[in-house]
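We begin with a single chain expressed as structure tokens, specifically the form predicted alone.
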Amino acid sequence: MFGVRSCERDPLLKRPFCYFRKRGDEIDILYRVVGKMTSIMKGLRPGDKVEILGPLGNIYPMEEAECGAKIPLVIAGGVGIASVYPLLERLKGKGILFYGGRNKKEILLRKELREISKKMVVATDDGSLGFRGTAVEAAGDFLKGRDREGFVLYACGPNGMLKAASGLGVNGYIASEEKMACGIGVCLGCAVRTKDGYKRACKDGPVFRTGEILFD
């Protein structure tokens, strides 16, 4: 996780972005243009300067998946795919990916994701590509009749998706998309309510165990 801001002073606060992938000495950041900061970022050109703070927070624990003790079940929604892309690369074809979006235009990097996944299932809300419904619903269909103890979950997306993914009955990890202001645990702007009280996504997360976050 990185905090990124253009060198302009408005907006003042950095925005959190997942590390997406590394190419040589460069890192890629995947984002959707939704507000002022991302609109500024879209207009950046080679040679323009940005401020970056990071890396921040923790990462997905991968011991069970890498050693083959459990099958990695990976769920991502929209640009949440950026969070799990390096995880899938590291798993070297062991991960089963369920990737969802509102429509087929939101399903990015299809060729690359198929190459680094053992199996990839696409889900769209409008049925324009793959399974009609959400990525979590597609994962639920896949899990029917299977021993859920044999899987470990990795999920990133909006809170509604994470809440649904946590209800699949598969133990594992979810990555919160809470906004981070300072990025160093001081401002408490990224507080997440957990069963052990409030925690900071930038310091204690953004990756939490399933069942740890209390969703409204």
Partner chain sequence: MQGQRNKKDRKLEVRLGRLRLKNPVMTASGTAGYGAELAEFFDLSELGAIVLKGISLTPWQGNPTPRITETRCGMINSIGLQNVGLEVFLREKLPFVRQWDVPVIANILGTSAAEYTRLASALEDAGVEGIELNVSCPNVKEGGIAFGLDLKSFRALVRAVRKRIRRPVLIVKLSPGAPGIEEFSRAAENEGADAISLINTIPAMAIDVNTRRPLIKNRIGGLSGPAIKPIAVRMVYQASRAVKIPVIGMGGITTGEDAVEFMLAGATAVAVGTATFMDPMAALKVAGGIRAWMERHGIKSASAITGAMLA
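Keep in mind that what you see is a predicted model, and the values were worked out from it rather than measured. Residue numbers count along the first chain shown, from 1.
Keep in mind the form predicted in complex with its partner chain is missing from the figure; the text below concerns it.
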Query raised in the report: Hey, in the predicted complex, does residue 32 get a heavy atom within 4.5 angstroms of its partner chain?
Result: no
Query raised in the report: Heavy atom to heavy atom, is residue 203 within 4.5 Å of its partner chain in the predicted complex?
Result: yes
Requested in this report: Indicate whether its partner chain has at least one heavy atom within 4.5 Å of a heavy atom of residue 61 in the predicted complex.
Outcome: no
Query raised in the report: Applying a 4.5 Å heavy atom distance criterion, does residue 184 contact its partner chain in the predicted complex?
Result: yes
Query raised in the report: Picking from 62-70, 24-32, 176-184, 145-153, which part of the chain touches its partner chain in the predicted complex when contact means heavy atoms within 4.5 Å?
Result: 176-184
Query raised in the report: Quick one: which residues from 188-205 get a non-hydrogen atom within 4.5 Å of its partner chain in the predicted complex?
Result: 188, 189, 191, 198, 200, 203
